[in-house]
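In structure tokens, one chain follows: the form predicted on its own.
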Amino acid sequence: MTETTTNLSLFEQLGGEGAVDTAVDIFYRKVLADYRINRFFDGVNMDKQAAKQKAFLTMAFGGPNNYSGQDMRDGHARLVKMGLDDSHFDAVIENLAATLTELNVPAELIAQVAALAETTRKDVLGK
């Protein structure tokens, strides 16, 4: 990495708003096709869900903070009651990595995204 690259936020290194938007759209197509986790999205307005996810990831990756949704624990409490557990969290991370791989994101950045996502595990699972 050059000095210029290392000074960029993860959001910028991933390609900014357009890249995050594209990744979220592909990610949710994968999630909704994944029998392990798609039941958690039954009845969810996916346009609203994608918009919230785009805002959250943009903020989490160091881009502009326009996220106004719930915190991870409150936002996933209903899903925990439905049985959300570590295996489901792992499936989400797997789909996220597959999405980024499909978009030719370098492995180093995929690892950073996965590590960042991992920091939310306890809150998402209500632990």
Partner chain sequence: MTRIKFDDQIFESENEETVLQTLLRNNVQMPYGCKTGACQCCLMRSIDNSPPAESQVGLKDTQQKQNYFLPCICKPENDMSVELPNTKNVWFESDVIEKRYLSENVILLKLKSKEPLAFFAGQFVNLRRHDGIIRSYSISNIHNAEHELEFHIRILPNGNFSRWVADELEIGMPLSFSHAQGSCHYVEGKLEQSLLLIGTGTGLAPLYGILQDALFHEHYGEIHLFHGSRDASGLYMENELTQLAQKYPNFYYTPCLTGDNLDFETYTKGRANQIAFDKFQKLNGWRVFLCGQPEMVLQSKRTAYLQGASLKEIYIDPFSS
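Numbering follows the first chain given and starts at 1. Take the two forms, find the largest set of C-alpha atoms that superpose within 1.5 Å, and that set is the rigid core. Remember, it's a predicted structure, so these values are computed and weren't measured experimentally.
One more form of this protein exists, namely the form predicted together with its partner chain; it is left out here, but the text below deals with it.
- Interface membership of Ser87, defined by any non-hydrogen atom within 4.5 Å of its partner chain in the model of the complex, is ruled out.
- Using a 4.5 angstroms threshold between heavy atoms, Val24 counts as touching its partner chain in the model of the complex.
- Proximity of Glu102 to its partner chain in the model of the complex falls outside the 4.5 Å heavy atom cutoff.
- Of the heavy atoms in Gln70, none are within 4.5 Å of its partner chain in the model of the complex.
- This chain is drawn without its partner chain; in the model of the complex, the residue among Ala50, Ala60, Leu79, Val92 with a heavy atom within 4.5 Å of it is Ala50.
- Residues of 8-43 placing a heavy atom within 4.5 Å of its partner chain in the model of the complex, in sequence order: Glu17, Val24, Asp25, Tyr28, Arg29, Leu32, Ala33, Asn38, Phe41, Asp42.
- Core-superposed comparison between this form and the one not shown: the CA of Ser68 exceeds or equals a 2 Å shift.
- Figure legend: C-alpha atoms of Asp21 and Ser68, shown here, are separated by at least 3 angstroms more in the model of the complex.
- Closer approach of the C-alpha atoms of Met59 and Ala114, by 3 angstroms or more, is seen in the model of the complex than in the present form.
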